[in-house]
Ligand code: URA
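Coming up is one lone chain in structure tokens, specifically the form predicted on its own.
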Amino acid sequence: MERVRLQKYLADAGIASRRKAEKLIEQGRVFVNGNVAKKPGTSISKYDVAYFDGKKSENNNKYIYIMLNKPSGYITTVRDQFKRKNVLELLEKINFRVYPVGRLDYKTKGLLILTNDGDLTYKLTHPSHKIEKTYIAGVMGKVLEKDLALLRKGVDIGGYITAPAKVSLIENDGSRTLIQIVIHEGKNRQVRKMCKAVGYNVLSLKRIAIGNLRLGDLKEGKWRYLSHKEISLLGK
């Protein structure tokens, strides 16, 4: 009889990512066969019944993969104490619960994947897989080559030295510079902090690619399902 870890089961059921599911279990919000499960390592089979916050959780193995061009002014976390707009509000006619893969901060625009596939979420967000994310940053002032070199080498963003990044100059008009930055880490507000570390304030930030998947011409605020080819680009 095949058994899987409870956090994977919850992720596959679209409840949350694996890492988030572990926290939900530790908080005592998950019950298996009528008993509270507080250990993420608990295993479950198809004959067991799991509930999250009083609602039965079922893994129907129907996975949804969505690409969204996130606008500025939306959050990617499920809950927000300030009641700001959530990217989930941009989705219409979705009968399945999906979650953002990773984060884009409130002001950052661009490519965001939403899915109920816990395995894919884990692969794209866990540091060990080193999935590259490509950003276009608009910064104040003229960026010097020596500062681009520092970004390529790695900078201190507050007690953490970033891994070497791929950085290239796109456009420089003297008062504003566009640079492309490719990183594989996912620290909070990392690109903004990297630019700040070498003396530049970010005016605009947009993610244009995750791995080999590119945003393309999808309009801001719009979404679409990923094609089979695009899903395969993510290694699924």
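For clarity, every value in this text was computed on a predicted model and none was experimentally measured. Residue numbers run from 1 along the displayed sequence.
Just so it is clear, the following notes concern the form predicted in complex with this ligand, a form of the same protein that is not shown.
Contact annotation for T108: at least one heavy atom lies within 4.5 Å of this ligand in the predicted bound form. In the predicted bound form, this ligand stays beyond 4.5 Å of every heavy atom belonging to V32. This ligand in the predicted bound form comes within 4.5 Å of a heavy atom belonging to R189. None of the heavy atoms of A37 is located within 4.5 Å of this ligand in the predicted bound form. Partner contacts here mean any heavy atom within 4.5 Å of this ligand in the predicted bound form, and among 22-30, 163-171, 189-197, 37-45 they occur only in 189-197. Although this ligand is omitted here, in the predicted bound form all of L104, Y135 and L205 have a heavy atom within 4.5 Å of it.
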